[in-house]
Each structure stands twice: as C-alpha cells, then as structure tokens.
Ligand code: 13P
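Below you will find one chain, with nothing else, as structure tokens; this is the form predicted on its own, and questions on how it binds or moves follow later.
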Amino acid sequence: MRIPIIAGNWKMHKTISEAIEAGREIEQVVQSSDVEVVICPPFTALSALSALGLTKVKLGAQNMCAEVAGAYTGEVSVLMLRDTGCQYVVVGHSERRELYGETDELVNQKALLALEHGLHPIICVGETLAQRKAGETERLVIGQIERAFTGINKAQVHEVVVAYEPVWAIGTGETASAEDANAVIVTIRQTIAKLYGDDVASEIRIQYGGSVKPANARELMKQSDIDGALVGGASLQAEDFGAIVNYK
C-alpha cells in the first residue's frame, strides 16, 4: 500500500525565525498519521528546523548540486543537505528547468547522486501550456521520466518520489482537473512499469503539484493513482497546509 506523501515547497520565502515559527505551527496542525509530511524550506533554515526535533514533519531541500564537492560557488552539496537532517530533495522543479536551464540529464545526475548518499529525490516532470495545447503532454512526460530514471536500478526505485507538475498550473491559480492529473500520472506509472515491471510501478509514489490548495486537495487525493501533493503557495500558511495534509 502506497503511503501518501505531501510536501510543502516554500521556495524563496521565510527567514530562519519565520521558518521556525512555521515549522512549529505545522507540527501542531498535522493530525493525520496516514500521510507522510515533508517541508522544503530555504537552505538557510534547514539546520534550524532540524534542531526543533519535529516528529510529524520531515525535511527536504529544494535543490542540490550535481557534484559532491568542489569549486562550485553558490551551490549546496548532497553531503551538506544530509548533514542538516534532510531526507528528501526536490530535483528538476520546473522553475529550475525554466529559469536556470536545468536539463533532463542534469536532473538525472542529481537524482543518482541523491540516491547514492541516502536522500530520496522528488523528481519533477511536467509540460508547458504550449506543449499541452499541442497535444505533447504524454510524449514529453514519458521522455522526462525515461531520462530521469537512467541508471537508477530496480532496487532504488522505491526510494524515489515523482511529482507531476504541469508548468502552466504552478503559481497561476490554475490547476489540472483531478481526472486530467490522474490520467497523466497513470501514464507515468505505466512508463515506470515498462522500465521496471508492474510490481515496482505499483509501489512508487507519484504526487501532483500545481496550485494545490485546501479546496481541491480531497478531490485530487481521491484519484486512483495520485499519491500526494507537492504544494507551493498553500504550504506557506500552516492552517492551509494542515488542511491539505488532513484532507480526509
């Protein structure tokens, strides 16, 4: 049975003191023990949140370097993330792809490195509005999955989370219908099945991301293949994020 996973991506929001306050508030509002909860604050707040000793919430990072160490000014390594108490790391978020030119190959390098060092990568895939209108969603997402999983062996797949995030729905207030989101996620699961077999595909957790909020969380989570959510803006307020986590 797949345990739902709901992760909050705070992006470039919250100072250390604000993150500590939010972390404590989220710990208080999370009621469901049937959902794995992750928050991904800015790098600067990871150690402070780890020091809180939260029991209902796990920590994730929003990005990482594809190299372990070296002369990479401004980057953060997998070893540094692990040292802060991180268990998850988001790789290939559409904002990283669009604003910083990250390729499928770079996303794959990061995912492999995360797995090598004991972190769970949350691999993001998704199409732009133009690609969706052109009927390219399925082809594009299948290609992103195939390239992202290159070199990941069958035994490692259960350590990975996939997040389907249609780019046109991120931060816009627009969201894919629950049925449309589920249909793409079914395609993702079928692609995993072709790569690793039905047994592996039935176990991997696949989130939906893109303007997830309390009003649509329950409908999304009712779908057959949606195993959670990668939440942006609605994760910045503990009350809203709690309502999503406690969707049941």
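Keep in mind it's a predicted model, so treat the numbers as computed, not measured. The numbering used is simple: start at 1 and walk along the sequence shown.
Unshown form predicted together with ligand 13P; subsequent notes refer to it.
S.K.: Want to guess which of 161 to 169, 74 to 82, 107 to 115, 134 to 142 is within 4.5 Å of ligand 13P in the predicted bound form, heavy atoms only?
M.R.: Flagged stretch: 161 to 169.
S.K.: Check N182 for me: does it contact ligand 13P in the predicted bound form (non-hydrogen atoms, 4.5 angstroms)?
M.R.: Result no; N182 lies far from ligand 13P in the predicted bound form.
S.K.: My question is simply whether P41 lines the interface with ligand 13P in the predicted bound form - judged by any non-hydrogen atom within 4.5 Å.
M.R.: Looking in the predicted bound form, residue contacts with ligand 13P do not include P41, since no heavy atom lies within 4.5 Å.
S.K.: Closest heavy atom of K11 to ligand 13P in the predicted bound form, within 4.5 Å or not?
M.R.: K11: yes, in contact with ligand 13P in the predicted bound form.
S.K.: Check whether G23 has any heavy atom within 4.5 Å of a heavy atom of ligand 13P in the predicted bound form, and answer yes or no.
M.R.: Because no heavy atom of G23 falls inside 4.5 Å of ligand 13P in the predicted bound form, the answer is no.
S.K.: For a quick check, can you give me the residues of 41 to 73 that have a heavy atom within 4.5 Å of ligand 13P in the predicted bound form?
M.R.: Contacting residues: none.
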